[in-house]
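Take a look at this one chain, the form predicted on its own, written out in structure tokens.
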Amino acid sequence: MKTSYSKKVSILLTKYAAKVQELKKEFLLELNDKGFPFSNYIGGNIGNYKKIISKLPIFDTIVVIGIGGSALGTKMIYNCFKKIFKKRIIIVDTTEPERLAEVIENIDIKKTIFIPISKSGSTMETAANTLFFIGKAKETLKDNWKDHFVFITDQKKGDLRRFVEENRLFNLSLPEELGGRYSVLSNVGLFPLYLGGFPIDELISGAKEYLNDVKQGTLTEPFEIGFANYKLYKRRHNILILFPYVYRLKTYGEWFIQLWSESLGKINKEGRKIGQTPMIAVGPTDQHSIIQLFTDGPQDKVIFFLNVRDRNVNFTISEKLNYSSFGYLYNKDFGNIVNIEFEGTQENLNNLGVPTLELELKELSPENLGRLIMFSYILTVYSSHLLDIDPFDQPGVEGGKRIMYRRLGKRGY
């Protein structure tokens, strides 16, 4: 990965270079000593995966039933690399009946594997959708419905674990301390991906390589970006715009928004509500919409660009029209066009004094997406250290759940 910064950010990092190194060393001491859930649990068990797959019926579709961290990671990777997959993956992460109807209309239950995922085993949306699809499977498959379900939940606790054990269903587990938003490199993400024909070994390899390089102190980007963004946040830059110039990374942006929001939007030890609001924009599309707000709107934003140096595919414009609106495009290739669009946007924002950060990947590959995922984890947890908050809890989510359960008549609420 390669980084670049606007003048405002570069000056800030030069001024605090010694502090960046000091904080990096402190973070690495903890990372190398005991690690974090995301760094201690990377990879699944392919032996178990193969054993389960050998007992499944012939299928062409995988329906992942989950919400938040149980679904977004798989969705991100599938949307990045649809061409690689040998099976279709459908994500069901809503209780909206129109979406359920759409899924039922577009699958053959006899050729579908359902994967309900809930760490706690009690997530209402996942429970409701699981019950719905079990009912539909029973209508079609009768007693053979069990052959079409693989459950992923806590290895010991929860009603879903109890249901799985009592009915002797196919299942995989995940560690108790591994939260959903940090779980894409565990069974939660890896099993559906493997089942769909994705090379999970390449994804894991990229993540592990990046983690090892960070541990050895050879990488600086998560610490430079994290510190610069923290300082800008303290100067009232309360919005972080993730701005990929790679359309396939749009869902990565959705995944990052959950990771950043749930990890860093907290009440700190002094009782003050803190947190930087993440947003996603996608170039070059959003050059013609929300960019107006970034240029002439309030100066409360940090723009975090993502780009790739080498595109996986490219085309050259061979059609020539001698009009001012078209002629200059003759013989231009689209990879160069999109890079020039990016550079123009970046330079304009820099000229206007808007702080920008850039992270460039050589190409968008499974290995590099693994690196990007690990970078995101490290950046988030490092930022939590700067803010002095716990990045692994989400107390604010629980209040709404309690109200919802009470209104639905769940016992104990």
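Residue numbers here begin at 1 and follow the sequence given. In this text, all values refer to a predicted model and were calculated from it rather than measured experimentally.
Not on display, but discussed next: the form predicted in complex with ligand PA5.
The contact residue chosen from Ser261, Gln155, Ser120, Thr220 relative to ligand PA5 in the model of the complex is Ser120, the criterion being a non-hydrogen atom within 4.5 angstroms. Of the residues Gly196, Gly283, Gly180, Gly226, just one reaches ligand PA5 in the model of the complex with a heavy atom at 4.5 Å or closer; this is Gly180.
Ligand PA5 is not drawn, but in the model of the complex it has a heavy atom within 4.5 Å of Ile67. Mapping the unseen interface onto this chain, Gln394 counts among the residues with a heavy atom inside 4.5 Å of ligand PA5 in the model of the complex. Exactly one of the stretches 112-120, 245-253, 227-235, 84-92 approaches ligand PA5 in the model of the complex with heavy atoms within 4.5 Å, and it is 112-120.
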